[in-house]
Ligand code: 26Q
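Here's a solo chain for you in structure tokens, the form predicted on its own.
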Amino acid sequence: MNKIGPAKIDAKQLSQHILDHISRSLGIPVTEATAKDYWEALNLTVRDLGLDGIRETRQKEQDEKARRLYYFSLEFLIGRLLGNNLHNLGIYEKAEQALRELGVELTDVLEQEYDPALGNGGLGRLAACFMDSLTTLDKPAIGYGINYRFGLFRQSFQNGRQIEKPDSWREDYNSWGKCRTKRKQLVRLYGEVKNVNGRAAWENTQNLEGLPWDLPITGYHTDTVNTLRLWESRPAGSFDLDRFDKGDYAISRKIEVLANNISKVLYPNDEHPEGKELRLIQQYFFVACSLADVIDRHHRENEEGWDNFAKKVAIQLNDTHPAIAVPELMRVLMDENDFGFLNALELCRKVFAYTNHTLLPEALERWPQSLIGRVLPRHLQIIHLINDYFLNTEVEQQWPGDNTMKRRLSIVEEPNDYSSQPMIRMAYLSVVGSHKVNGVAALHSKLVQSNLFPEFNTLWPEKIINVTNGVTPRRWLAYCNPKLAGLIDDTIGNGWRKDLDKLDSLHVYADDPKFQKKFAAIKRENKEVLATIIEKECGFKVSADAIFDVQAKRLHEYKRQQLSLLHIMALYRRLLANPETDIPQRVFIFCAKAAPGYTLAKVIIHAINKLAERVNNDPRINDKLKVVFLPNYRVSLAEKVIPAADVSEQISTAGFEASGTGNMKLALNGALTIGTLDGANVEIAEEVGDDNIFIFGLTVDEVARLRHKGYNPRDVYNANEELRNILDWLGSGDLCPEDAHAFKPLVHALLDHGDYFLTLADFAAYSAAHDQIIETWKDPQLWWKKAIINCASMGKFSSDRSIKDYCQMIWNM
């Protein structure tokens, strides 16, 4: 492709490049080209433009001697890229014209793209939003992750139960990224550590190679193009032909099998020892490749070498998955570059920062010491060196002689009731090895300081800070909801696309009947689109006149899809008792995957699906209630669900959700939130005002007091007749006659195992909040006023603002 910038390329040139790629890159006659072929050819054309942009961007950064951000994340849930890139590059209309002249419609071509399965949920989507914002704001950045062959899994339902199948997202697609064989990296595993001339030597290792694939990340109307570099694992060295010739086929392929497994699946099941080992290796693999790449790039670009490394390099650890980067950089510095321990630790702390995404103890990674010692023997030594220095110098100075405090803060957790062997606390390693730690919402960061890491906060009172999450308005309004975006452009201009605070100007239109009418009409069109998808996916019709109540997120007990389940069961029973009840039609829409090993989460999915089967086929309720569980939730589906939502369910137990970003996307598109004062819901409520959100349930402090007082869910069960009848029905086997005990584990969890997430405690308040929703819906003028206010109030929740906060408070950019 001859180098022509996006701004100068015209439809005719685009058309020619598409034809060239069809004949040369794909090797097929144009007369045989399908919509899928046109997608690949256009994608290759846009990728070429992006790769040119990467080269120019990197050269500009070198000339300016810029400080660069390296974002380490095990997930990047980027979604379909082609349409978004066309918009960012400002050539969407030109591509439409070019394809139309070839007899093809761009909308048909864009539908051929498969969602890249590089992430699971909020963590990966946040990383994708951040890469978009970094580029749009012209910040030098490279994202690092893994080039997974298969995603988490492709979800389907069989008799209401979740079925997991491989998500073969890139089996037939090679055009999304560019392989950079010259930048491959060596990764070592296992082996032993010897003392050679007074220096630690890691020897007799099994070696792998990391092969990088580069994906251009375009920004909105900017020449900057950043890079997402994803590593694919390959066996290092030559094939063991001698063993193969002797018939030792399995042994000859052992390292090849390991290499293939590392980049095969996102989050391999770690319910068994082999899975744990693979996950640890997976994390180290991408960290080792990425750090080596950062170091190589730095030395190529900077004559000063290590002297200005901390001035030029900022590394963000997205959760604890990349925490092993701390001892890995220490190893490189001490074993390969003659750094002393203290100098190495000082440099690490200047370079690394860590984002905490969870308060759940089980989500804070802990690895058996024996496992790390076997797979990464040198790293275990370095972890102990860091821990010994931290405890005996820094903790000792703050709390002299306090061995209890040392045990509490130790990176190495001693054997206890939960583990029979020492465990390495990766979150503690991340805190000790970083200069900043941030939570992702104001409430979450406060709880990180006070509940999760209180001693660290006392030791280093300036280290733990807050950066509230955000979402990119380009993807989550302009791209996914183009008609609403167009209405906003026509009303206040398009400056909001790069400065979301400008949405504030919409407030004056919240009471405007003409604007309300246009806003409502767009929402209804979006609901009609989603209704068509529901009919195709689920086999039944829903009315676009109904309230679309959406709960789209990972399936977890703390997110409380089971609370919605109980409430819908109550609504159904009320309708059966009085079918003529004057209530609007309601469609409850669930989108969620449960981790394959999370048995109770899968029970909740099964229960929702069996309830849906019953409700949706019951003529007695006159279609006033429908329940939808859309399978295989992904970004492209979210882009249809979110613009169609009237109600946004954000109902986690207070104190458990770190932030949430679905709450931001839904409110940005005019959905009203029903939620607890948890995560970013608190800040959303502050922005939209108490009258424009439906808050219910126990607060963080009330949850703590209830637990301290002693919570017995059977007291709630006995005191609430409706709830008692629902739970009895759920456990009776009536909803699932073929397996009468199917839902008893859920009933037992709620009644006999403590109801840890206080589902029953919040049931009455949740039902009352839904009653308020119904009363508001009956007044359309009031509803659309609130919906417009929600959209207009989301300026704070742009990922651009998040990135500006990171640049100012953490990255010094």
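Nothing here was measured: the structure is a model prediction, and the numbers come from that model. Numbers for residues come from their place in the sequence shown, where the first is 1.
FYI, the form predicted together with the ligand isn't displayed, but the following is about it.
In terms of contact with the ligand in the predicted complex, the residue from R279, K94, R378, K523 that brings a heavy atom within 4.5 Å is R279. Proximity to the ligand in the predicted complex, defined as a heavy atom within 4.5 Å, singles out one entry of G145, P643, G660, G433, which is G660. At least one heavy atom of E75 is located within 4.5 Å of the ligand in the predicted complex. Of the heavy atoms in L126, some are within 4.5 Å of the ligand in the predicted complex. Proximity of V627 to the ligand in the predicted complex falls outside the 4.5 Å heavy atom cutoff. Though the partner is left out of this view, N120 does reach within 4.5 Å of the ligand in the predicted complex, counting heavy atoms only. Of the stretches 335 to 343, 101 to 109, 297 to 305, 263 to 271, only 263 to 271 has residues with a heavy atom within 4.5 Å of the ligand in the predicted complex. Contacts to the ligand in the predicted complex (heavy atom within 4.5 Å) from stretch 540 to 574: Y558, K559.
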